[in-house]
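The data below hold one chain only, encoded as structure tokens and taken in the form predicted on its own.
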């Protein structure tokens, strides 16, 4: 009986100490995320595609530019898992190497879009007034441009040439996606900063003479960028899909870049005679987009206090 009473007393003494430990929004989100199987599944899929893009030689020793015409349109077999296309390219090797361009476009477009949107949103909300009005009207102009239609118009006006390098081809697609994708991030960041700005700790920092940059860096950004992180993860999958759409139309990534969108575009003509040419690049593209959207969905639920 005495041992039971002692255990109860020790437990009640430890509980307040655990509850008094301060926790941030990110620590609460992590406590929620690590218990969700969907988070680990999507994260594992993303790591798989990232490793595939970074070190494709781990998955294949073939040359994606080697064409064997006599083996053209060969169906999948034990020696060539995904078969070969009409020109004799190994579809498995090109699918593995195609991850690099698609992932690069998605990652860099997301980073550039987030950087532009965060800067414009923070400046507009923090300073307000006429500056806020001008920046939001500019944002509305870009926001009114249809995303895919604007990308088609831009890429058609500035097509790639035969002398274009790999990074020039990839960079052009990243640039057009960033130009058209930042307005949603800017509006989201502006609304988040407007919610944080009236808080007491922000007003206290300003009253103590902290510079605007210090207030933004130390007090506003850490408490306002959680929604941007969530939306950016979802946008990353959308950017990969947009790149595939532009490449499918023949105005996105072109030679020397190899991507899933280019492979899908090349396979469309031969879908009846060689369906495996379309199946495997489409499958990898769908899984990659699904992984990023699933991760963004799980992170959104973890950061939303209404779901906890």
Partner chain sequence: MGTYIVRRLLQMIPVVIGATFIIFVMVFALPGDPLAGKCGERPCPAAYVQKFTEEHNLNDPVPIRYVKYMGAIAKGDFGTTYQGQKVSDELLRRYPITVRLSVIAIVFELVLGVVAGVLAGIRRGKFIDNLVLVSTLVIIAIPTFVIGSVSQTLFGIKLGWVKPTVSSAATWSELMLPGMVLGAISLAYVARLTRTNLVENLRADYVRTAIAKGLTRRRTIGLHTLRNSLIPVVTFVGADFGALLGGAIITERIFNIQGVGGYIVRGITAHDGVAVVGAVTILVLVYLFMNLIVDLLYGVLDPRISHD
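For clarity, every value in this text was computed on a predicted model and none was experimentally measured. Residue numbers count along the first chain shown, from 1.
There is another form of this protein, the form predicted in complex with its partner chain, and it is not shown here; the text below is about that form.
- Contact with its partner chain in the predicted complex holds for none of 111, 131 and 303, as no heavy atom of theirs lies within 4.5 Å.
- A residue is said to contact a partner when one of its heavy atoms sits within 4.5 Å of a partner heavy atom; residue 248 meets this definition for its partner chain in the predicted complex.
- Using a 4.5 Å cutoff between non-hydrogen atoms, residue 157 counts as a contact of its partner chain in the predicted complex.
- Using a 4.5 Å cutoff between non-hydrogen atoms, residue 149 counts as a contact of its partner chain in the predicted complex.
- In the predicted complex, its partner chain lies farther than 4.5 Å from every heavy atom of residue 299.
- Residue heavy atoms within 4.5 Å of its partner chain in the predicted complex occur in exactly one stretch of 56-64, 27-35, 260-268, 42-50, and that stretch is 260-268.
- Taking its partner chain as it sits in the predicted complex, the stretch 104-138 comes within 4.5 angstroms of it through a non-hydrogen atom at just one residue, 137.
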